[in-house]
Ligand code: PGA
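Only one chain is included here, represented as structure tokens and corresponding to the form predicted on its own.
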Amino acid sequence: MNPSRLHAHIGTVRQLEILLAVHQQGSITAAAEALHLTQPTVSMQLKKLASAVNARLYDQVGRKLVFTEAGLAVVATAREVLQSFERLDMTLSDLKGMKAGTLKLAVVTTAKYFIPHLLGEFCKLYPAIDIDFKVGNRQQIIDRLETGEDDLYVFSHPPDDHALQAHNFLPNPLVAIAPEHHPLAGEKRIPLQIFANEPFLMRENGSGTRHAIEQHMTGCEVALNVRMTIESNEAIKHAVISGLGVSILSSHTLTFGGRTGLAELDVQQLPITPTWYLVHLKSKSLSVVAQTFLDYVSDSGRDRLLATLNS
């Protein structure tokens, strides 16, 4: 198929941008707001795109849009096309001696405490680079990874997938915490089973911290006394301070998020010591900006961050 016929089949770039926005936002209304367009304009462009590909792109089920198989195929192509244009812009800027473009970075919840400290110096070095920063639990970031929405992803437990390239860049110690006046505070070498008997506050299903804790406790043949499931590190810290139980969280949540009212416990077989990884798809070419960030982390960013953590 020659390029002009191919273009006629997949619609205009603007139509692909609109389709991708509708898929990402979940509704025509939300997409119109995000794109600063009217709803009729969005609907009209989608109708033209559906006509160009000669297929229904989605069905309206109640208030929800359910994309057809053809619609999802066009969404995947739209993403590839738009990312290709972004990479071209970055490459042309690089050829002119500039580092410019957008770094799309998606991180698991706990990483939000330290990644901004990594980005701060990077943005000073490369002021023409913008950052698109997404945060979610482990499962939400895996979902983004599977669709290739971002350049790089930060996990402490990346999916076990040979199609991924993972770069180890920082330790992630998970430590036991309790209220500062808890009876175990100040004790030395607390047996893990004694700690496990305390009411435990656990992160939600899909959380990387929960994944690490469950793996570790299974290996130690210890069962936690889970009292509550909470979907936020900060909420867990406040619940611990309030005396609702003990927990295990990344030490980074204490370093950057505060430890007032908390005691870090000396528990045998703890801390858990996973590692932070920068991850990307092997099949997806890294943009100039993404490669620049990876190089920065390897060259000096990691050492700067470690110095901050240890200060």
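Numbering starts at 1 and runs along the sequence shown. All values reported here derive from a predicted model rather than from experimental measurement.
Unshown form predicted in complex with 2-phosphoglycolic acid; subsequent notes refer to it.
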- Only one of His157, Lys104, Arg87, His182 comes within 4.5 Å of 2-phosphoglycolic acid in the model of the complex by heavy atoms, so just point that one out. His157
- Item | Stretch from 132 to 140, 69 to 77, 237 to 245, 185 to 193 whose residues place a heavy atom within 4.5 Å of 2-phosphoglycolic acid in the model of the complex | 132 to 140
- Which residues in 199 to 221 have a heavy atom within 4.5 Å of 2-phosphoglycolic acid in the model of the complex? Arg203, Gly206, Ser207, Gly208, Thr209
